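One chain comes next, on its own, written as structure tokens: the form predicted alone.
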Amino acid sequence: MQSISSNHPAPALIGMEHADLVTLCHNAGVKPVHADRLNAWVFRLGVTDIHDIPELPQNLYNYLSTHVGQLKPVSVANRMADDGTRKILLRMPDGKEVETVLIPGPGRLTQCISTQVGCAIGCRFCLTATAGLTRNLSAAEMVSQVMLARKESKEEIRNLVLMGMGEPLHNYDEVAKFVRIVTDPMGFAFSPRRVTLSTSGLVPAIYRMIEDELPCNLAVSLNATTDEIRSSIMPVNTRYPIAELMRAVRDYIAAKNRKRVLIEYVMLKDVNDSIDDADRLCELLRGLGCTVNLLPFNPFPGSGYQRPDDATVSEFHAHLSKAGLVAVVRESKGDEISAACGQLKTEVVERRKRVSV
């Protein structure tokens, strides 16, 4: 496949929804049924070279050869931890790098997808935030993470979580396109129940998810129970405070017919890990049927925060459970391969600096 020009590269086939493929067929002068074949071979079977797709009309081969491009990121670093967690650092054609993580679980493999190069939200406990935002990823670049991970792991990926580098709802249009591509039953065919989008709390975009009926689950990174604390660790709270965010969560649940929302709560020692915090969290979530993911902080150099001890985490968890909340303490995975978001990229960059000196 070739580019339209050096200044305007051809759109990547792997970033196209079924409707886009139908349009390609129309422009090529062939029947729209061939879009189904493209969809199945590209997304289900992972074939991206059109000449490896059999039984397409010659007119379609000719048209795709000049109007559609390929996107082939390079795996820069690939590490596997003792617990089976695999982290991959990918370099996109423009040289920008992002991470994706494969996390094994009982009978399933979950992939964590990055949606931006860097992040503009500025959460104080997040390593990715320290670098700021470079650019958004395209839907094709998100799909390429799935394809590369599927190829390198040689395992079936059952769950996708948009919880990697970036704030997904800051890149709404491309993220929504990615979600529709991966849940298309004619292509990747991920169940919408197995695709989860995590946000720091961009309220207008949550309402847009409702309006668009985006086929995925919602996770909200709450991390505090008072505006004072949340604003100090998540600047986004100054624009969308807790009351406004929780109102959007309630409206989302109501619109989705009581669909369960995942509440993520990163536990920071002496910041948000007290029993008073647990009481306030119970009150905030009363009657909503949310699941709470308790995530003991994974420290990184210069963060300024510490991980609570196991006894504090257990007591916090027990308090939520006693109040009737469904709460899970997520064990840290892949510590020895820098599996926390942004750590592997930072490590590789620092190593390059040392080598170049």
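Model, not experiment: these values are computed from the prediction. In this text, residue numbers run from 1 along the sequence as written.
The form predicted together with S-adenosyl-L-homocysteine is left out here; the points below concern that form.
Colleague: Counting only non-hydrogen atoms, which stretch in 149 to 157, 260 to 268, 182 to 190, 89 to 97 is within 4.5 Å of S-adenosyl-L-homocysteine in the predicted bound form?
Modeller: Contact criterion met by 260 to 268 only.
Colleague: Could you tell me which one of T199, N171, N217, T85 places a heavy atom within 4.5 Å of S-adenosyl-L-homocysteine in the predicted bound form?
Modeller: Result of the distance check: T199.
Colleague: With S-adenosyl-L-homocysteine left out of view, which of N237, S138, S144, N223 would have a heavy atom within 4.5 Å of it in the predicted bound form?
Modeller: Looking at N237, S138, S144, N223 one by one, just N223 meets the 4.5 Å heavy-atom criterion.
Colleague: Does S-adenosyl-L-homocysteine come within 4.5 Å of any heavy atom of W41 in the predicted bound form?
Modeller: Outside the cut-off, so no.
Colleague: Please check if V175 has a heavy atom lying within 4.5 Å of any heavy atom of S-adenosyl-L-homocysteine in the predicted bound form.
Modeller: Heavy-atom contact with S-adenosyl-L-homocysteine at 4.5 Å: absent for V175.
Colleague: Is P308 one of the residues lying within 4.5 Å of S-adenosyl-L-homocysteine in the predicted bound form, judged by heavy atom distances?
Modeller: Outside the cut-off, so no.
Colleague: So, G164 and S-adenosyl-L-homocysteine: in the predicted bound form, are they within 4.5 Å at any heavy atom pair?
Modeller: G164: contacts S-adenosyl-L-homocysteine in the predicted bound form.
Colleague: At 4.5 Å, heavy atom to heavy atom, what parts of 119 to 134 sit next to S-adenosyl-L-homocysteine in the predicted bound form? List them in sequence order, or say none.
Modeller: F125, C126, in sequence order.
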